[in-house]
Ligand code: F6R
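Presented below, as structure tokens, is a lone chain in the form predicted alone.
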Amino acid sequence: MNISYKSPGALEETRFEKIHSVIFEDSKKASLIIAKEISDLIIKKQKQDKNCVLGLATGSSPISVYQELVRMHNEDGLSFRNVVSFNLDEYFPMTKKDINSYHHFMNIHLFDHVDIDKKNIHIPDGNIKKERINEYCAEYEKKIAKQGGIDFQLLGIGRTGHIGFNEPGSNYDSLTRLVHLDYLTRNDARKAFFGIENVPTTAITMGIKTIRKSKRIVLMAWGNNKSSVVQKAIEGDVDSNISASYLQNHKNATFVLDKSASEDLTRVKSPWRTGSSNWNKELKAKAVAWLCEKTNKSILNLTESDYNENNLSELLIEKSYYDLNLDFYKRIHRSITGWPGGKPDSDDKVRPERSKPSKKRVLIFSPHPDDDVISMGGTFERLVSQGHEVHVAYQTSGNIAVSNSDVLRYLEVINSTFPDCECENDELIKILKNSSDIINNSRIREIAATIREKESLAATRFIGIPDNQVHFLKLPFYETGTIKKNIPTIVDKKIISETITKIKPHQIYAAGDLADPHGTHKVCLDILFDSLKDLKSKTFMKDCWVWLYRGAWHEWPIHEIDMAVPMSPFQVLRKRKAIFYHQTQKDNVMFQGDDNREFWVRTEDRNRAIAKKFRNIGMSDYTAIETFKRYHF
């Protein structure tokens, strides 16, 4: 194995796993290791005067790997003159110049920035005549064979478990061919195509056998939205419905995972089942929470037999089951507070937040102009009502999430009200009426951004903060006018750092969603973390605590929750109304995901579900709860 994994008792720890897997803290570190393995192979082949044959993937997962390879080329002198590449797949039909083609993807992320010979680049042609596809695919196989096979194959994994476009049901001995795309795969691509109806239904892909013949395979998986299928591929049986599971039969394959993508593996989710564990405070809490769910019992009803019968007898060596139950009960009970900014003049030793200063400066970072109220609207309002100075910083404009019809509607209202504006607006109205796609027109994007700003101000006024405490940062990485975003730069970090320095907050709230390493939430969080590293030596930062919230999709596991803020039925309705002020994001949302519920329904269901979990483990019966995890920087 080129990527090693070393840990005490590793063989026991990974006994449920049928594929070699490596877990990294984050995707950035993992990508650097993968890029280093690829560069080492290229250099080794150069010294042998041989070609290095790479099988390459597309999608969000390999972007950081390609960025590091480009850096190595520019700064370390890594040459690609001996590289021959074969890409896994391409949509069909698809022209090479289409911005959603994998030809375009590979050029902008890698090929245009290195010295690879263009004749050595092979990407399936999505624009050939359909009657020639079988012949073309056979030729693609012959080209790979002529090079002696693929030396290193880079893979991602889709949520259906596919590698390449080998969807559920793909044959173990399949070769390069035309395939029909699964609905979930097409749905995951809907953003780039401005709707699932525009995503091609077919694609050309390397087959399972083609991939299996590679000498070395590395599969990347980032984010908790991949954790379930990763667990099935690594720990389940070989299954034609999870094509990545076929790699269990490969002698030199490694799954490279970030922490979030690994969370459903047995060694991460319930490591006590793999053998002896290092029982720190956090793991004990995780085990008791797991045991409650496993036995369907509340904390204080867990028995000695429950621990013994579920591989947790080690916990009873130092403490009785009664004390273990009581410790976890107190931990969860103490996380519940109606005072997210700290309760004034109280003993705060067992409370989530400090009592002093009694009136705090609070800074809520919101990646999009509605994440604040969707994710923590109840806590937001409570902070305001309890007298804290609350600021909101919207990190991006969110302008691409405003539909053409919404921009058109506002322009038509303006035209009817102010006829003098018609000259400029008529041209924009004409453009909007004749396009179903997101339009990369600076004036239209500016209007879309303004619409979202005014919706945000309506919501924050409803909650009760002055307009001068609402900040629209418009981070440059986002402002491309298209789905694809720029790589964040020092300018983005400077804007965040200056905002924090200006406000000097005692509390920072930020979106802690980690599903997509290149998604807006994750990028905004990474920029914030980088800023905090730079600012941590500042005097005012010694009094600043950072709280992470989750969005409308995922919730913190109970054992990770550091602060839980209950909401009454009235507060739930108030939160709903604040969300409703974001009118363009209600009803027909452009980037809704594969969940058809509206955002306000999703978040209410989620807040009620976590309250039910608290009730099931023996806490009080609340209508809804918002939860937070403290980030120590």
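Quick caveat, the model's predicted, so the values are computed rather than measured. Don't overthink the numbering: it's just position in the shown sequence, from 1.
If you look for the form predicted together with the ligand, you will not find it shown, but the lines that follow are about it.
- Query: If you check Tyr394, Tyr102, Phe92, Phe152 against the ligand in the predicted complex, which one has a heavy atom within 4.5 Å?
  - Reply: Exactly one listed residue reaches within 4.5 Å, namely Tyr102.
- Answer option from His162, His368, Lys360, Lys522, heavy atom within 4.5 Å of the ligand in the predicted complex: Answer to the contact question: His162.
- Query: Since the chain is shown here on its own, which stretch among 475-483, 538-546, 153-161, 293-301 would lie within 4.5 Å of the ligand in the predicted complex, judged by heavy atoms?
  - Reply: After filtering at 4.5 Å, what remains is 153-161.
- Non-hydrogen atom contact Ala564 with the ligand in the predicted complex at 4.5 angstroms: Although the ligand is absent here, Ala564 would stay clear of it in the predicted complex, with no heavy atoms inside 4.5 Å.
- Query: Would Ser27 count as touching the ligand in the predicted complex under a 4.5 Å heavy atom rule?
  - Reply: Contact with the ligand, no.
- Flag Ile374 as yes or no: does it have a non-hydrogen atom within 4.5 angstroms of any non-hydrogen atom of the ligand in the predicted complex? Contact check for Ile374: no, nothing within 4.5 Å of the ligand in the predicted complex.
- Message: If we define contact as a non-hydrogen atom of the residue within 4.5 angstroms of the partner, is Ala401 a contact of the ligand in the predicted complex?
- Response: Taking the distances in the predicted complex, the answer for Ala401 is no, it never comes within 4.5 Å of the ligand.
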